[in-house]
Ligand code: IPM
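Let's start with one chain on its own, the form predicted alone, as structure tokens.
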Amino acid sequence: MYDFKETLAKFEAILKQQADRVERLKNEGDFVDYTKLQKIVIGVVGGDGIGPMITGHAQKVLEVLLADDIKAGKVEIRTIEGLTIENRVAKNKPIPDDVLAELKKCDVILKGPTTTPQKGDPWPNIESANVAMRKELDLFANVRPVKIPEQGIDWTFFRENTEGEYALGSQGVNVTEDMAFDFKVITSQGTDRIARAAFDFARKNGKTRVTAVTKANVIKTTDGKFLECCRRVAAEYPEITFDEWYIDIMTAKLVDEKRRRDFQVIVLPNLYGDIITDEAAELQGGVGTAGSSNLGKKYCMFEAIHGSAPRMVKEGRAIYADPSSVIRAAAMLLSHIGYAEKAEKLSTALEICGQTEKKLVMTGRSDGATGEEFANYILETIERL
């Protein structure tokens, strides 16, 4: 006979934790107005593996583009150390307290990839730094654009960032030797704000269609709540067409040349958003070309969507890592804090360098360009625009 008392006690603690979070969500404030800040502080976090190298290239691009305002004291760029896997393990925290304190002194953050331990790694089972940062800074909207003009593709994905399976990913329970449970949480408040972010973006950017992606026919309770909330928000935007797709068929339709041009803004729960945006990025040229923003009411973080590539470092190829993803994230950062023209120039330069002109090619090896060479190519291209 099984004894579930310990498991039930753990589940009760998780329920209380999430109930407290819901109460906080009910009382959150408004978004920061960057035009009212005397100085915008941009924190740059290198992370692990190839992270410090590619993030350094992106920082150089920002420093060139913002040189005048940095000199005038309107913008400050700070390098924040200590988010390495070694330091996180030493402190036994996904984000060490001193690092988190420095992050909270910034208005926006540009972050390189960080290593998340998995079973079999030499590292202990600490939580993902990304997941922890999203929770600590309440970065609820992960926004990933994918644009391929020659194929008629212009997608913007709004992935809910603080709920779903990932929010409780390190709190699963081995009930017995033969049975393990993980948990998924969806709240009305969490879904409402990601849905509104997607519909507001669509309205402000002339988009005519928002698509919700779930598996509500099978995952009826949590995915059902997500879909129900999206439908409710959609009713407040009558000028925007709203439709619903299941995650499995959506992965197929993104590679369907007849249907994929129809999609514009896509809103998804956490896990589905993580998977499908990698697929979308691959169509654009690979996950190394895609950036993302993580938006909250007070803080925002911009990052590459790929991992820390420890194998590249081990093989001595870090200098050949493609910085395009984190530089694209830097373009999104610029746009978010009010530098729309500079952001557009940087995005255009990335498309020219990576998709059309291609004077330099990134291969990740010595037969291609180094990250530094490619970053300089982007800056030279900006000067020509």
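For every residue, the number given is its place in the sequence shown, counted from 1. Quantities reported herein were computed from a predicted structural model and do not represent experimental measurements.
Missing here is the form predicted in complex with ligand IPM; even so, the following discussion is about that form.
- Three-residue candidate spot Lys135, Ser170 and Phe183; no residue lies within 4.5 angstroms of ligand IPM in the model of the complex by any non-hydrogen atom.
- When ligand IPM is considered in the model of the complex, only one residue from Thr84, Thr156, Gln284, Thr116 comes within 4.5 Å through any heavy atom, namely Thr116.
- The partner is absent here; in the model of the complex, the one residue of Phe199, Phe242, Tyr166, Tyr299 having a heavy atom within 4.5 Å of ligand IPM is Tyr166.
- From the list 127-135, 244-252, 173-181, 225-233, the contact stretch for ligand IPM in the model of the complex under a 4.5 Å heavy atom rule is 127-135.
- Under a 4.5 angstroms non-hydrogen atom cutoff, ligand IPM in the model of the complex lacks Arg88 among its neighbouring residues.
- For the chain shown alone, Asp107 is not a contact residue for ligand IPM in the model of the complex, no non-hydrogen atom being within 4.5 angstroms.
- In the model of the complex, none of the heavy atoms of Glu102 sits within 4.5 Å of a heavy atom of ligand IPM.
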